[in-house]
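Next up: a single chain in structure tokens, the form predicted on its own.
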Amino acid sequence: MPPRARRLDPVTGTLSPTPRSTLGRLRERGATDRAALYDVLDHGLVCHLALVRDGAPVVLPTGYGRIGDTLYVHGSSGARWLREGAVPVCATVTHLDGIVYARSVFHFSMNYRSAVAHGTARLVTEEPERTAALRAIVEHLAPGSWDHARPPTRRELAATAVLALDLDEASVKIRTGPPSDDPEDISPEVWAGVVPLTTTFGTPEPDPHVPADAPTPPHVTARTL
């Protein structure tokens, strides 16, 4: 059994590292405050959930939501591994902020922000946590949509499984800035630097059934501003 995780420190707001969440290489890139973890999670859109299924490793990209110190994901209730609950998982969220061009191929890199959380995901079965979790997932992906769209029916809720992962055991790693070239490689003859990478939202494209003169709701256009 892995060592018991220590919770996020509620007083200092720092991450309490465990053997699994302690960075091995380039520890200076680690962020230790809870705000850095929340920032990475709250500004991401896709979570990669790793687990072992039928004896083999599996990584599943999925949407997610956060409420306090809990990360929520959802899937089909027909999936056996979701129904079982108590699933050991590793969840990661990564932002790629730039490609780092160096003067030697060894030092090519990326500027990034990443969060990794370990733990045992539990199956959420009680209301109102289930509804709150689903709302958080929808609102994280498309803010303002939960109150705009039709709420889920009992049948749809029965077809949906929700897993909760407490953010007890998490780490954050961040790289920024120019390449880390060796002094002997620095030369004006070789270009080095960073090509920034950003994610942007395009112009909303209405469904064909939306009337041509219907305005786009403010909660949708807000994503493009």
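Here the structure is a predicted model, which is why all the values come from computation and not from measurement. Residue indices: 1-based, along the sequence shown.
Another form exists, predicted together with another copy of the chain; not displayed. Remarks below refer to it.
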message: Only one of C90, A136, V73, V124 gets a heavy atom within 4.5 Å of another copy of the chain in the predicted complex. Which one?
response: C90
query: Do A35 and another copy of the chain come within 4.5 Å of each other in the predicted complex, heavy atoms counted?
result: no
- prompt: Quick one: is I67 in contact with another copy of the chain in the predicted complex, heavy atoms, 4.5 Å cut-off?
  reply: no
query: Could you tell me if A86 has a non-hydrogen atom within 4.5 Å of another copy of the chain in the predicted complex?
result: no
Another copy of the chain contact in the predicted complex: H118, any heavy atom under 4.5 Å: yes
- prompt: Which residues in 175-191 have a heavy atom within 4.5 Å of another copy of the chain in the predicted complex?
  reply: P178, P179, D182, D185, I186, P188, V190, W191
